[in-house]
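Presented below, as structure tokens, is a lone chain in the form predicted alone.
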């Protein structure tokens, strides 16, 4: 039923995705170039602060690329789930007049963010080419191997995770307006609990602290992506099974919660 409905409304989904991408940079002078410029600038800031003022882990092959990988994946998760969270309440005027599958709105926001995320990967390719030509001893080029072809695997897992969380948040945001503020705090906590600019080896915490950090599925997804494009090695199957299982459970819970509560949305939006 879900697949049939999605097929019937695929043109509407496509139009909403295109609209979201256009609106995102509608009033910007640089437009879609911000998709490339924003990760570049934020990565340079993080590299300067944590790479120059503090000494990064010497085991990291290339610290700028290490930071950029973590920053790109975290930013996609954060932005896509936040926009999915506001998608139902932000489309209240349409939902009150037109009968369409309501899940199209959070799903379209996640897909549109995923497209801009894929565009932003051009910055990562530029970093890889730059350091491959520079051959700096402090930041050697990444170890590119055939395992780089497996990099879409962690990206797909990340998409599933974001979709599941987005469905849960979009449902809760209809009934509890404070969810938006609480989730902003949670994303800040998630940023520092995900090794974007540090490695777990440099932490001097106890086993419980490291266990809590490793319980974060985003940690495993980021590390799998780094294994493919930075370290040139196959990612851990344990990380894949854990992150994929976590994502599928959240996707199932989010889908069931959204389906069960969607008929009551009209009473609260």
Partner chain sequence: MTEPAIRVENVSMMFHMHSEKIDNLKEYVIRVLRHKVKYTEFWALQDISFEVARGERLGVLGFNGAGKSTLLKVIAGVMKPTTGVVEISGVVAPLLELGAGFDMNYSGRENIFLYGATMGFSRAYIKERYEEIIAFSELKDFIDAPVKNYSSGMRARLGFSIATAVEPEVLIVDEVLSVGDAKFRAKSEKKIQSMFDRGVTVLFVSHNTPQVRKLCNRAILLDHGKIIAQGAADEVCNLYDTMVKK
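The model shown is predicted, which means the values in this text are computed figures rather than measured ones. Residue numbers count along the first chain shown, from 1.
The form predicted in complex with the partner chain is left out here; the points below concern that form.
- The candidate site formed by 73, 115 and 119 is entirely out of contact with the partner chain in the predicted bound form, as no residue has a non-hydrogen atom within 4.5 angstroms of it.
- Under a 4.5 angstroms non-hydrogen atom cutoff, the partner chain in the predicted bound form has residue 9 among its neighbouring residues.
- Remark: residue 18 counts among the residues lining the partner chain in the predicted bound form, judged by a heavy atom distance of 4.5 Å or less.
- Though the partner is left out of this view, residue 145 does not reach within 4.5 Å of the partner chain in the predicted bound form, counting heavy atoms only.
- Using a 4.5 angstroms limit between non-hydrogen atoms, residue 111 is distant from the partner chain in the predicted bound form.
- Partner contact region in the predicted bound form: 90 to 98, out of 145 to 153, 90 to 98, 191 to 199, 74 to 82, criterion any non-hydrogen atom within 4.5 Å of the partner chain.
- Along 152 to 166, a non-hydrogen atom within 4.5 Å of the partner chain in the predicted bound form is carried by no residue at all.
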